[in-house]
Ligand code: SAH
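Below you will find one chain, with nothing else, as structure tokens; this is the form predicted on its own, and questions on how it binds or moves follow later.
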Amino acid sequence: MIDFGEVWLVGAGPGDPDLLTRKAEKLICDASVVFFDALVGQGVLDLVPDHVRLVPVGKRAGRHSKDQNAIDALIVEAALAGEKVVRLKGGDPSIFGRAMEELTACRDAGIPVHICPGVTAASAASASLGMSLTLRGLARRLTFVTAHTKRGKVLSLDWQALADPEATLAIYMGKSSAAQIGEGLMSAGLPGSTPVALVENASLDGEVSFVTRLDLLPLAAKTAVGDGPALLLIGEAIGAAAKAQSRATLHRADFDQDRSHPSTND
């Protein structure tokens, strides 16, 4: 009887190693080989023990080091050789992580395969912004969308379905398609005044966030953030959070002023 290894698709979270789950860290430490994406944070990779082989199979838009079939083959080959394989993916493997292709490749080869979830970028971005992605009476739905397309393909989304004024829209890999996103949503009826947040490198030391309007999104995507991976959050919940933070800032300023000028009344 052949003693195959096993495969775990592990969510590395948004980059901050403190946001890695305890189970994910245990699996990384127990692995014999880790195949990791380009978006996995260096702090997470630093947790991998020295005796574990680290194999980069990173993919970023326009800079693919290996295609999906090659990655599938590497994972299967290692597991067939009896290794404990961790396929480390940024965020959560089940959210725009090409998990199904790798699950299918392992199952077709008779290899045990499992998923360890991770913190997805939208959760990390909303936490950094100090906001809730849903809000009673204002944002009743949360929609995850990817704007990533194959090279040369035009972004094609159901703008009518996405232009929901009672939803928060989280768009992954949307920075380069900001103009199309803004035009598509506004043409479907979403007001140009709809709040938008751009969050680059969510949870990392180099995080940059910027709040703007839907009609100004193309300009903000070009000028307000850098060239790192960015998430777009669109909807009234973003505006509500910004207003709440402004009120909190004013209250703190008033409090500080009162403390610096104490009343002389007895």
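Small disclaimer: the values here were computed from a predicted structure and weren't measured. One-based numbering along the sequence shown.
Although it is not shown, the form predicted in complex with ligand SAH is what the next lines describe.
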property: Listed residue (33, 39, 225, 211) with a non-hydrogen atom within 4.5 angstroms of ligand SAH in the predicted complex; result: 39
property: Contact residue in the predicted complex, from 43, 218, 229, 239 (heavy atom within 4.5 Å of ligand SAH); result: 229
property: In the predicted complex, segment of 84-92, 134-142, 187-195, 109-117 with a heavy atom within 4.5 Å of ligand SAH; result: 84-92
property: Distance check, residue 28 to ligand SAH in the predicted complex, heavy atom within 4.5 Å; result: no
property: Non-hydrogen atom contact residue 233 with ligand SAH in the predicted complex at 4.5 angstroms; result: no
property: Residue 173: touches ligand SAH in the predicted complex, heavy atom cutoff 4.5 angstroms; result: yes
property: Residue contact check: residue 79 to ligand SAH in the predicted complex, 4.5 Å heavy atom; result: no
property: Heavy atom contacts to ligand SAH in the predicted complex at 4.5 Å, residues of 8-27 in sequence order; result: 14
